[in-house]
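Only one chain comes next, encoded as structure tokens, the form predicted on its own.
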Amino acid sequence: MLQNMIKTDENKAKFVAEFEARRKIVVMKHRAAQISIVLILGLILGVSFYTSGFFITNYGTDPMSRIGDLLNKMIPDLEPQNLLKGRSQSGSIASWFYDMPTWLSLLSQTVQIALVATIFGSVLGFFASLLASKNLSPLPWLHWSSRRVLEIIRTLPDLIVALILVAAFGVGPLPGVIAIALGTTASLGKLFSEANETIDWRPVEAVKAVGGGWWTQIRFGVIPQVLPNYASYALMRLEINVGAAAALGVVGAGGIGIELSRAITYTEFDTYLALLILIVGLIFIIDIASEAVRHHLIGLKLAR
């Protein structure tokens, strides 16, 4: 009996030793893999910095100083005693934002471009997502081809598409709307389809059990589950599209980007900062409004 107990203890000790040896090997392999990944990413980052010329001092100074110089140029020459005076008084806020009515009009146009593009993109993205969702697509080949089409559209930069459309339709908001709507359709189509693939299938089966067709199953079994996600993605895309609409104005696609391009062309860096402040403030407002809409859709009441 005693010999059996001693033998059992020896077996246990041997098993523990083997387990610890194997565990150390696994841990070492895991750590080696992590170190390799860090080294590879570091190498890629270093090559990227070198290729981009970020740390090259051919401009006479280091990159941080160049950024500091640019920021210094963008800061307006405001004078405390003249801050609240009229536009004709140098050093005042009004003289900094010297063309506010025109800027607000162009900013309104930028919002309209982004809003129309987001609406069209969201609607088209919704229908595309039904075909691109593996669990909802009527036919397997439709799922595969829809995914590939969305991928192709996503690879097209909005700026390049806008340039082509400006050449086709002329300068104005229409090229911007079409370019942003295409990008929005591709992005939201992917995000919506991923939301569709996470649904609880039981409500869909219940609708199907009472004789509901494919569209009826989508309408009553899928949409109520994914609507908050749809709204969140669409509102987030609206914020992105406001910035995109401002950028596309630089190539003649309408909106505040026209003034941004003019400010840079004539090296009016303080004007450029003023325009950026207006754009950022607008995005803040849109973000607050979109948060309220999303909370309303999911029934979330903020604590007071």
Partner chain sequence: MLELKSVSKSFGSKAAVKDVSLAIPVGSMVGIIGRSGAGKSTLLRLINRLCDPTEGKILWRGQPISELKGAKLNQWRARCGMVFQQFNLSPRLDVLTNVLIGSLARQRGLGPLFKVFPIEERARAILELHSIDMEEVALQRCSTLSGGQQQRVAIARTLMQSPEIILADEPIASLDPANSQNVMETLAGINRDRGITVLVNLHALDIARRFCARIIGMNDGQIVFDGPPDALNAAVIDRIYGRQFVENITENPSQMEVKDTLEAVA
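Numbering follows the first chain given and starts at 1. These numbers were taken from a predicted model, which means no experiment stands behind them.
If you look for the form predicted together with the partner chain, you will not find it shown, but the lines that follow are about it.
- This chain lacks the partner; the member of 197, 205, 79, 99 within 4.5 angstroms of the partner chain in the predicted bound form by a non-hydrogen atom is 205.
- For the residues 105, 145, 216, 89, the 4.5 Å heavy atom test against the partner chain in the predicted bound form is passed only by 216.
- When the partner chain is considered in the predicted bound form, residue 220 lines it closely, a heavy atom lying within 4.5 Å.
- Using a 4.5 angstroms limit between non-hydrogen atoms, residue 209 touches the partner chain in the predicted bound form.
- Although the partner is absent from this view, residue 224 contacts the partner chain in the predicted bound form, with a non-hydrogen atom inside 4.5 angstroms.
- Residue 228 is the only member of 228 to 250 with a non-hydrogen atom no more than 4.5 angstroms from the partner chain in the predicted bound form.
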